Structure formats: structure tokens, C-alpha cells
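To begin, one chain is listed below as C-alpha cells, in the form predicted on its own.
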Amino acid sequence: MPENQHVGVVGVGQMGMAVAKRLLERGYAVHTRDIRADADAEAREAGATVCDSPAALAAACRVVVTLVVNEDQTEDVVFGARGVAETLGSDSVLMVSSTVSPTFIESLATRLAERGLAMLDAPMSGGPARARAGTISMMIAGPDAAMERAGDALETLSNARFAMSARPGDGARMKLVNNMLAGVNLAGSCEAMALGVRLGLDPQRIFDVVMASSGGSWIFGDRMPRVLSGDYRPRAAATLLTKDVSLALGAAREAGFPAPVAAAALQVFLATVALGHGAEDDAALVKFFQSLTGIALPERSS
């Protein structure tokens, strides 16, 4: 098997696991690293080689994808003890696919370049189901040579790849713009659904009409069926999009850009998390409106 067919995935949560399984199904030799025993067990059962450190993983792979939660975890994975930077080859490439701030990405790329190591700023969007199907979108920034090295893996993972620029940080910027809009759409979707219920309308009928009319959106169509079934098992926990909208507002502040609609949406996210729903699916934003109005939402059937 060619060396470029060995791909590592650090962080096999829902998104990372979907990426790992997609690569495995397409014939790649996949190496994984996670800090959770259950994630290791699932990855091993799927056919991945489970590594005991990011460094061990990077030593075996030409392409390494990080899909951990935040900047602190990314920093630890790359530059911490037994981190990726210790063993990543000069002819390999690190793809940072977590949603983090552009300034952090710039710092990471600079420090890696000082060691002669290549990095792609390569966030993903679309969720685990699309990652498993190879239909996620990717916003990629970095040197052409790094994109070429990771080309086969990129093509396997995504049928909607957008080369943003050669400047790491632009992928993160684009991801924050996208996720800011996703957060605004989700907060508005939950508010509209809750209002319809308060007005006495049938939730299923609300969904059907909106999706056939001008108010429909991708996120309304993806998240509201979870509300209709009362199923808030986390596909994407509410805390994640809370983080992303907050990061987008931080970028807006740095640019001197007013973002009042996103700021209002963030308050809905923060209130939802404060109510104890942060670990639930982000469709649980509707429960914030339930807490204000006492509306009856559909319950999950046993």
C-alpha cells in the first residue's frame, strides 16, 4: 500500500469516527488516537490501528487529521508531550480540521513551518453522516504542496472542497462565517417552531409548510425532525456551536465588525447551556423557548 494511503485521525468523536470509517471503507490504512477507551474500542473494531499517542500516530502516517474539540486540545495534540510535531515527517502534512480561531491557526502554522513541517487549515462542515458518505464540505487554506500531498485523502473525504488561499487561517475564517450563519439559522428555527406551537399549530405541519416555503433552510430541515421526534441525543452537542458562534463574534470584534444578529443568537445558545442542555443535541435550543413559554414539545417514544 502506498505511504500516502496511511492516514491518521486524532480525535475520534462523532465526526472523527465518521472520517476514520470513511477512510477505512475506501481502503486506507487508518491509525487513530483518542483519550477515551470506548472510542479506541470502536475504532479498533472498525479496523483502525489504535495508537497510544499522537506522536506514534504521526510516525506511521503521511497525512494526519486532527478533529479534537478546541484550541487547547489541538495545542496539546500537536505540541504537547508525545505530540504530532515530535514525529511528523517533513514530507507529511497535518490537517487541522477542528473549528478554532484564525489567529490560533496562524500561530500553529508558523511554529510548524519553523520546524520544516507542513500544515493545512482544513475545517469541515456537514456533520457525521455526510462525513461518513464523503459529502462534507471542506474549506482549505495552505501551501499548494501540502494540498497535493493530502489530495487523495481530501478527495475521499469531501466532494465539496474549497481552496480558500495559501494563507493558513482563511479556512478557519470561512468556517466561522459559515457556523455563525448556522447558529443564527438554528436559533431562528427553534424560535419559529416554538412560536408555531404556542400559536396552537401542529409541529409536523409547521415543519412541512416551512420546508416547502421561503422560511426553509438546511439546518431547519436537519434539526427540526429531532424536535418532532423528541430525540436530543447529541449528533452535535449544543456546546460546540455555542463555542463556534462565540469564536465568530470574537473574529468580528477583531475586525471591528458589528454582528448584532449573531450576538442575539449566542444569548440563546448560552441560555440553553445554562439550563443544563449543553451536552444534548443543539436542536435542544428549542427547550430554551419552552422554558420561557411552557409550550408542550413532542416527547421521544420509547
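Start at 1 and count along the sequence shown; that's the residue number. Just so it is clear, the model here is predicted, and its values are computed rather than measured.
Beyond what is shown, the protein has a form predicted in complex with another copy of the chain; the following relates to that form.
**Student:** Should residue 104 be classed as touching another copy of the chain in the predicted complex when contacts are defined as heavy atoms within 4.5 Å?
**Tutor:** Close contact is absent here: in the predicted complex, residue 104 is far from another copy of the chain, nothing within 4.5 Å, heavy atoms only.
**Student:** Looking at the partner-bound form in the predicted complex, is residue 274 within 4.5 Å of another copy of the chain by any heavy atom?
**Tutor:** Residue 274: no contact with another copy of the chain in the predicted complex.
**Student:** Does residue 255 reach another copy of the chain in the predicted complex if we count a contact as any heavy atom within 4.5 Å?
**Tutor:** Although another copy of the chain is absent here, residue 255 would touch it in the predicted complex, with heavy atoms inside 4.5 Å.
**Student:** Check whether residue 99 has any heavy atom within 4.5 Å of a heavy atom of another copy of the chain in the predicted complex, and answer yes or no.
**Tutor:** No, no contact at 4.5 Å.
**Student:** Within 4.5 Å of another copy of the chain in the predicted complex - does that hold for a heavy atom of every one of 39, 86 and 118?
**Tutor:** No: none of 39, 86 and 118 comes within 4.5 Å of another copy of the chain in the predicted complex.
**Student:** With another copy of the chain left out of view, which of 194, 227, 146, 131 would have a heavy atom within 4.5 Å of it in the predicted complex?
**Tutor:** Flagged contact: 194.
**Student:** Another copy of the chain isn't shown here, but in the predicted complex, which of 74-82, 108-116, 197-205, 91-99 has heavy atoms within 4.5 Å of it?
**Tutor:** Heavy-atom contact with the partner occurs in 197-205.
**Student:** Which residues, if any, of 254-271 lie within 4.5 Å of another copy of the chain in the predicted complex when only heavy atoms count?
**Tutor:** Stretch hits, in order: 255, 256, 257, 258, 259, 260, 261, 262, 264, 265, 268.
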